[in-house]
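Taking the form predicted on its own, here's one chain by itself in structure tokens.
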């Protein structure tokens, strides 16, 4: 990493400011080749008013001091932009290298021209995620903290942001390191007993080994139990709203979004296509999918919409099945209930403000596993219970929203599952009194899998794959 990299660190597009970031041993040199510090001074001279402002060359660039000036093309002296630039000396920077940030006007043209000049005068274009990769390779953060940076950038809700920030500050790293410390103690005890059986040392017993391994297994299990919640916080909960035409599906979506996103009429079949909208429900990112009413029809366009509806609820994490409580269950209702069998389902009996003819018992006969709530889209009755159910589904009664470490990364949870398999294999062999040599293999493999999470035992291929998911400039 002896070269110097450069990239635009802010989103491309029109904005108040845009930042070009440079990192590496020549960062300051690159800046000095294209940047002219300017010092304003009041002057009295020919053609100037008494209080007019003149310009002189400013003072040299200082460490961690924002400097006003202009980006100049050295070839012809053309002014590219009026900027604020800051130089930050290693090692107290994001990458632990010398870093420069040039705050330009938020114009795509300005950013493109400024970036081009940095590349012409000593830097190369950064690869996706290369700034964070350098922070990892230079030991400032571990791999799990680096991955949390992605989650922080992509967070859709306050809760998702808080979880990512917690991990970026090292909460998961500390947990993993604590478990690996326990594993290391077990490995040391096994190794000592294997290599120095005749020495005057405490002999490890299978009872103690079993207790230690089970303690580690519980630690891993505790983290794994949060993975489902973590995935939903990171990726969002896909909720498909289904039912036959004119039962209140679009009204439910509009209620959730608090706006008239879907057209609502008394005419069956109004919704012809799948409508998707994202929202935050008590800190949980939710993707609502309003589907076309499912029924037999000869309308070609409506048929296509119904096919999309079927595909939508097959992909959904939760299906909200809406019924018209003022009408008897129809054959169409029963057919839909058959389709969603085995899916996590919430049944809403709508139009509770009218005389009800559907009972919870009838619904349970159709779908015994479903949760039933009586609602009215007209008055909003029961919608708070719907939110409660979705919230409880995500957190599963195990994780409080206010606190607690949550595993959000699929790579992390997969490695934890592998580590758990290894530790459980060791526990099984311990119970059978197998030789310590065999147990050591599984315990060591568990140690290695957990090390991959924080980057202490991971291949270059995995590292490259992780940082390839980053955006340029981060």
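Residue numbers count along the first chain shown, from 1. This one's a predicted model, so the numbers in the text were calculated from it and none came from an experiment.
Not pictured, yet referred to below: the form predicted together with a small molecule.
Visitor: Report the stretch among 349-357, 148-156, 103-111, 176-184 that approaches the small molecule in the predicted complex to within 4.5 Å, counting heavy atoms only.
Guide: Comparing against the small molecule in the predicted complex, the contact stretch is 349-357.
Visitor: Exactly one of 226, 144, 251, 93 has a non-hydrogen atom within 4.5 Å of the small molecule in the predicted complex; which residue is it?
Guide: Looking at 226, 144, 251, 93 one by one, just 251 meets the 4.5 Å heavy-atom criterion.
Visitor: Considering 340, 316, 377, 123, which brings a non-hydrogen atom within 4.5 Å of the small molecule in the predicted complex?
Guide: Among 340, 316, 377, 123, a heavy atom within 4.5 Å of the small molecule in the predicted complex occurs only for 377.
Visitor: Quick one: does residue 246 come within 4.5 Å of the small molecule in the predicted complex, counting heavy atoms only?
Guide: Because a heavy atom of residue 246 falls inside 4.5 Å of the small molecule in the predicted complex, the answer is yes.
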